[in-house]
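Listed next as structure tokens is one chain, alone, in the form predicted on its own.
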């Protein structure tokens, strides 16, 4: 899928957020007067789109200062300020994942149940394969038979073999098999699928830490990414999840899924503002080509234009 066609898909995917945000913004900014009522409604609108209180406060504070300096002639100009501030914040987290060729690279995917983790792995594997990478998938979610089968289906579609053991096997043991493969000379990308878990379940979080320890102990210095898969439809709850996974597991990047099914697409702004975790990828559909590298300008344009 070309860049233009993906932008159109992104724009379509963000329709729910854009309809809520842009239509109401346009109504709001059609007012001639910039007054307290406008600020109150703008605050309510941005908060409801899950852009977060800090971004909202900073934006309104900026607008008030410009009004006092007589820099604004009408309310319609506020939309330009909103766009500028969004791009400035989102550019800070626009850091594509750099996957080197010719040496091992491990991507450990983490996240809660239903976030779209296995699907994201399949799409990512397909993208990496099309870029000339060798890809190996690791079925470390051993608690659900369906998880192993689902990963094998995606592996088949992407052309990536799957390392697995029987259901209920120790997830760390499956990862150890992948480590052994790397030690034997494998120099491609290894993507580890882990069981979806609530960030509040201590024992399950400890299991992720165990997997991470094994990788670091057996392959010291190996290049790796701990990719947190977040469901955009959960809005501000995704921010709570991200904070905990960043603190406890050391998440290094985010794949934000299901942007095509939510009116809460503004949560990307909140993630950028509060966490400073790179958003590596965004997902806007179920197809192999529907996971793309995050682009702040495209995202803002698709949301507000």
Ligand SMILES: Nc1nc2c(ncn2[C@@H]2O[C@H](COP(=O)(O)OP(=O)(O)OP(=O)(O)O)[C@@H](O)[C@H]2O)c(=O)[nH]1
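Every value quoted in this text rests on a predicted model; they were computed, and no experiment measured them. Numbering follows the first chain given and starts at 1.
One more form of this protein should be noted, the form predicted together with the ligand, which is absent from this view; the next part is about it.
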In the predicted bound form, residue 130 touching the ligand (heavy atom, 4.5 Å) = no
Does any heavy atom of residue 104 come within 4.5 Å of a heavy atom of the ligand in the predicted bound form?
-> no
is_contact(residue 144, the ligand) in the predicted bound form, heavy atom dist at most 4.5 Å | yes
Is there a heavy atom of residue 155 no more than 4.5 Å from a heavy atom of the ligand in the predicted bound form?
-> no
Note: exactly one of 108, 112, 208, 90 sits with a heavy atom within 4.5 Å of the ligand in the predicted bound form, namely 112
Pick from 241-249, 52-60, 65-73, 255-263: which stretch has non-hydrogen atoms within 4.5 Å of the ligand in the predicted bound form?
-> 255-263
Since the partner is left out here, which residues of 278-305 would have a heavy atom within 4.5 Å of the ligand in the predicted bound form?
-> 283, 284, 285, 286
